[in-house]
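Below you'll find only one chain, the form predicted alone, shown as C-alpha cells.
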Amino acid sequence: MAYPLVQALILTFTSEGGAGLTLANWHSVFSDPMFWEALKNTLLLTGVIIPLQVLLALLLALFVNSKFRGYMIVIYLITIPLALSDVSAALMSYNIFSPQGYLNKVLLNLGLIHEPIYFFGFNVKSREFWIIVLTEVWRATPLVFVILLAGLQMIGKEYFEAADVFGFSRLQKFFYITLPLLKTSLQSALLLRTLFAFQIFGVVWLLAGRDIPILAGETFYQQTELQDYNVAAVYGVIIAIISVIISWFYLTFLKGAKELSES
C-alpha cells in the first residue's frame, strides 16, 4: 500500500523529463488560481454537506429507533441509496433537474412556470452547487444513518428506565444519555463522511464539470486531459495530506472530549 504513495510523492518532485528533483510541480499548483478555487469549493462542499447529513441521519435514526409498527420497511427505504454509485446518483439527479427533466415537466404542466428553469451551467453555478449538495445528502446520508442507528441500538434500556424513575424529560434523556453514549458512533460517522467528502468526484464532475472545480476533479483533469502526471500527483498528495490531518483531528480531539466527559 505504501509503494503507490511513495511513487506519487516522488512524482511530485520529478520534472517531466525525469532529470533531477524539483519543486516546480508544487510551485505550479500553488500559483494556479484554479487550485485555490478547487480547495475553496472542496472545503465549502464538505462544510455544508457533512452537518446536513449528520443532522438528518441522527433525526432519522432516532425516529426509526422508536421501533414503531413497520419500521423495518422505513429502514429499507432509507438505505436504498446505499446501493447506488455516485455516477448513478448524479445521472438520476440530472434527469430530475435538467431543462427537459421531470421537475421542469411537472412545473410546466401545472402552469407554475412558462419556460424551463436552468439548474446547470456556468451562469447558474450557485444552483449547481445546491443540486450537488442535495444529491450528495440523498446519496450518502444512509451510511451515516446506519452507523448512528447501530449506536442507538447498543444503548441499554436500563439507562432510560433509571431516567424515568428520576423524572427526566425526553430532551433531558437525549442530552444526558443518548448523545453522550452515541459519541463513539458520531465520531466514526464524522470521520468516514468527512474523508469521503474530500474525495467527492463523480457527482460534481457529472453535474458541473469544471464549473465548480474541486481537488479530486482537478486531479482527474490533470491526469487524463492534460496528461501532466507530476501535477496530478501533487493534487493527489495534497488530498492525502488533508485526509491525514482530518483523521488526526477527529481521533485526537474527539477522543479527548470523550475522555473529558467520562472523567
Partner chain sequence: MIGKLLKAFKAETGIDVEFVALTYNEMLSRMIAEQKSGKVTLSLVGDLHGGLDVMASRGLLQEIKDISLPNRTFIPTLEKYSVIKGKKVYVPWMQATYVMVVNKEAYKYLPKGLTVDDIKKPTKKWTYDALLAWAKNLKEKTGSPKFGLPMAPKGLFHRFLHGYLLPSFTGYQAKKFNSPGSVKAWEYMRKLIKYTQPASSTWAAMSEPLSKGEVWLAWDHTARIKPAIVQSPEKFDVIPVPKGPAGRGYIIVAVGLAVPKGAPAKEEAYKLIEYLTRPDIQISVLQNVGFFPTVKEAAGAIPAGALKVLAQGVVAQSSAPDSIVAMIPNLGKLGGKFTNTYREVFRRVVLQKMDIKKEIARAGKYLQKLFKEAGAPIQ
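Please read all numbers here as calculations on a predicted model, not as lab measurements. Positions refer to the first chain, counted from 1.
The form predicted in complex with the partner chain exists for this protein as well; it is not shown, and the discussion that follows is about that form.
*Asks:* Residues in which of 234-242, 220-228, 63-71, 50-58 have heavy atoms within 4.5 Å of the partner chain in the predicted bound form?
*Replies:* Stretch with heavy atoms near the partner: 220-228.
*Asks:* Which one, F122, Y102, W138, F160, lies within 4.5 Å of the partner chain in the predicted bound form by heavy atoms?
*Replies:* Residue within 4.5 Å of the partner: F122.
*Asks:* Do K40 and the partner chain come within 4.5 Å of each other in the predicted bound form, heavy atoms counted?
*Replies:* Contact check for K40: no, nothing within 4.5 Å of the partner chain in the predicted bound form.
*Asks:* Verify the contact flag for Y94: yes if a non-hydrogen atom of it lies within 4.5 Å of a non-hydrogen atom of the partner chain in the predicted bound form, no if not.
*Replies:* Result yes; Y94 sits at the interface with the partner chain in the predicted bound form.
*Asks:* Y176 near the partner chain in the predicted bound form, any heavy atom under 4.5 Å?
*Replies:* It does not: once the partner chain is placed as it appears in the predicted bound form, Y176 has no heavy atom within 4.5 Å of it.
*Asks:* Give a yes or no for W130: in the predicted bound form, does one of its heavy atoms lie within 4.5 Å of a heavy atom belonging to the partner chain?
*Replies:* Although the partner chain is absent here, W130 would stay clear of it in the predicted bound form, with no heavy atoms inside 4.5 Å.
*Asks:* Would you say all of M34, E115 and G209 touch the partner chain in the predicted bound form, counting a heavy atom within 4.5 Å as a touch?
*Replies:* Result yes, every residue of the spot touches the partner chain.
*Asks:* Sequence order please: the residues of 185-206 with a heavy atom within 4.5 Å of the partner chain in the predicted bound form.
*Replies:* Heavy-atom contacts to the partner chain in the predicted bound form: only W205.
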